[in-house]
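Shown next as structure tokens: one chain only, the form predicted alone.
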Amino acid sequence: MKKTLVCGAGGFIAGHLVKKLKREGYWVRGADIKEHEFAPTQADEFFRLDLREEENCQTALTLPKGTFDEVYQLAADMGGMGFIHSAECDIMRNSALINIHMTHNAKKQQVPRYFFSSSVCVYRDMKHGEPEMTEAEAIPANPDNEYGWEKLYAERMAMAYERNKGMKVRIARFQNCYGPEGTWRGGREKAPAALCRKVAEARDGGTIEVWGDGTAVRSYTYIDDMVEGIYMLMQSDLQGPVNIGCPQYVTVDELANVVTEVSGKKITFRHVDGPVGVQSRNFSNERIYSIGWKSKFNLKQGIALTYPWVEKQVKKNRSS
């Protein structure tokens, strides 16, 4: 039985990853600064640790005997666009500390295989209709936000440890990920969860606010597709950063229309000022396709699974 450590297991993607690894027969230790808010961890054991502290990274990585076969590093200080633009210093400091300590100590513990979760935020702003951007085109670098700059630095550090220290490293650049059991309120939620919440809270025939003019283009990847991509990449021989994302690109208004269609309500949008981020995203997924991964959920299918969960949280919050 393989033994693995999942850092950030109290969060959305890593929480789902723990479930995936258990289904694959792994013994799993989760580590995070907090317990999962919506789902009891399915890890064999969970260590509540602040991974900004080096000794806590060492604790998470230490087994009574032997070492972990794999480490998945998804712990980060992050959230939706509102949080990314309002907490730049915290994001850069906290995530950098986690990644420096975890990468270094994973190598000290002789972990043979290490996964790092990066982001398409490492790329520059794109214009509507630009050709797909490959992983190599993140350099020369010009990320739109500090979250992307920190991710780019952490990628380079992980690759340096692979070149110089012999630890096999796999790096995924995530596109926007959504699904049940993710943050849906409080400022850290991503656009799909935020729009699901707004529609769920609105009366039929009501109006919701949408940040920006609604024309920004994004791709949204359903959580089951994302964790399958993480697992397949970790088992593969693909070195260097790899984009993982659904090839269906939509505007923010199109995303909002899908949410309202799934809800069965008639909703009007009112565009307001707010942090939107880049104008457009359009990335090549050819590297992840080369190992047999393809997204199985289009946006409407994924929202049809996500909206009822968010709606249930809204109703539960109202009654509490």
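Residue indices: 1-based, along the sequence shown. This one's a predicted model, so the numbers in the text were calculated from it and none came from an experiment.
The same protein also exists as the form predicted together with nicotinamide-adenine-dinucleotide (NAD); that form is not shown, yet it is the one meant from here on.
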{"property": "Contact label in the predicted bound form: L21 to nicotinamide-adenine-dinucleotide (NAD), heavy atom within 4.5 Å", "result": "no"}
{"property": "F12, heavy atom within 4.5 angstroms of nicotinamide-adenine-dinucleotide (NAD) in the predicted bound form", "result": "yes"}
{"property": "4.5 Å heavy atom contact, A43 to nicotinamide-adenine-dinucleotide (NAD) in the predicted bound form", "result": "no"}
{"property": "Partner contact for K34 in the predicted bound form: nicotinamide-adenine-dinucleotide (NAD), 4.5 angstroms, heavy atom", "result": "yes"}
{"property": "All of L195, L255 and N298 within 4.5 Å of nicotinamide-adenine-dinucleotide (NAD) in the predicted bound form, heavy atom check", "result": "no"}
{"property": "The single option of V227, A200, M78, A138 touching nicotinamide-adenine-dinucleotide (NAD) in the predicted bound form, heavy atom within 4.5 Å", "result": "M78"}
{"property": "Contact segment among 246-254, 204-212, 170-178, 153-161, judged by heavy atoms lying within 4.5 Å of nicotinamide-adenine-dinucleotide (NAD) in the predicted bound form", "result": "170-178"}
{"property": "Heavy atom contacts to nicotinamide-adenine-dinucleotide (NAD) in the predicted bound form at 4.5 Å, residues of 33-63 in sequence order", "result": "I33, K34, L49, D50, L51, R52"}
